[in-house]
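The chain below stands alone, shown as structure tokens; this is the form predicted on its own.
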């Protein structure tokens, strides 16, 4: 059952077309993340669902109702913004209760909802403080609480953690994931942070230029990206790309510098390639093995270590293979030195192959 359905949505600002003929379905109780770089249209899409932007074409349905021309307050949604948007002269209690008072709920009901939200978010001891007396993480909890007291069916988050430092982002990410688990509400979350997307989402919609490039689970997005943009946008360090061509007579990927061939018998082609087709072969840094004996269907290529980056739990090793730089993620306990020669290899079955001209996955 779809909680939210967007059909043929179009939004423009003057002569600039931001969204065009966009289709999206969000399931009941799903946590969907809209992910993409700045200017890709993700916040515009969220604002159109919220009713903060009037689309020039298309429809928005929430809970089976066409709400395209409804006011935001009539859509059964609650929204959390990046900037907290708290009333500075009100206490935390006043901020939480304000929307309920405007809706003319009974005083007892307002008190009950404020108390429940404060307990749920662990901010009970902050109820009599003003926003200026709160840390960034506490302010964002209050902003989430203000949405929580509405008892909405749909929660919309517009980059709520981007103003916080790394430690607070990690803590509140856990809180938001727990919030979704306990409430079971439908949530749409906008971010440009791939870690937030991968850890929070049931499904991710990766956007570029107002178009959803791929919609899938975090594992699908990461392991089988639909095109070059998705492959390069997801992952840190990014996926490695090697340019070459398909040689069907040997069923191999032939690297352009003729340094090595990669056997393709284990690669799951979605559609058959043509002989001599120019392609990019992509492989994640953590899928590359160093100095290990190749297994059947794998291969080894000589590489020169250029740079070693310890990151704590693991180490990123930058190697030169011919004229190409490749990143490899290894365990922190593995000692690798600069200018060292390595044999690197990977399972072609875990690689990704893209048509060089269209950028689409093969």
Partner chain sequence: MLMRNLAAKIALTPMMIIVAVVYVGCILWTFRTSFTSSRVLPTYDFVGWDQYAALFRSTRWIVSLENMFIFGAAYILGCLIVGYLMAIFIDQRVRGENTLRTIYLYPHAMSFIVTGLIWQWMLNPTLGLQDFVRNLGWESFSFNWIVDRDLAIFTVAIAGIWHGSGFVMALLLAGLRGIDAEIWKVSKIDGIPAWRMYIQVILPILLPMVLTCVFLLSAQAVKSFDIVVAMTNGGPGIATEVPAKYVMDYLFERSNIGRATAAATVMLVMVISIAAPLLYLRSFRKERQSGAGK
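None of these values were measured; they are calculated from a predicted model. Numbering follows the first chain given and starts at 1.
The next section is about a form of this same protein that is not shown, the form predicted in complex with its partner chain.
Candidate stretches 230-238, 95-103, 264-272, 120-128, one within 4.5 Å of its partner chain in the predicted complex by heavy atom:
That would be stretch 95-103.
Of the residues 278, 136, 209, 72, which one places a heavy atom within 4.5 Å of its partner chain in the predicted complex?
It is 72.
Contacting member of 187, 161, 79, 201, with respect to its partner chain in the predicted complex [4.5 Å, heavy atom]
After the contact test, the surviving option is 79.
Residue 146 near its partner chain in the predicted complex, any heavy atom under 4.5 Å?
So residue 146 counts as contacting its partner chain.
Taking the shortest heavy atom distance, is residue 85 within 4.5 Å of its partner chain in the predicted complex?
Yes, residue 85 lies within 4.5 Å of its partner chain in the predicted complex.
Does any heavy atom of residue 47 come within 4.5 Å of a heavy atom of its partner chain in the predicted complex?
Close contact exists here: in the predicted complex, residue 47 approaches its partner chain to within 4.5 Å, heavy atoms only.
Considering non-hydrogen atoms and a 4.5 Å limit, does its partner chain approach residue 132 in the predicted complex?
Heavy-atom contact with its partner chain at 4.5 Å: present for residue 132.
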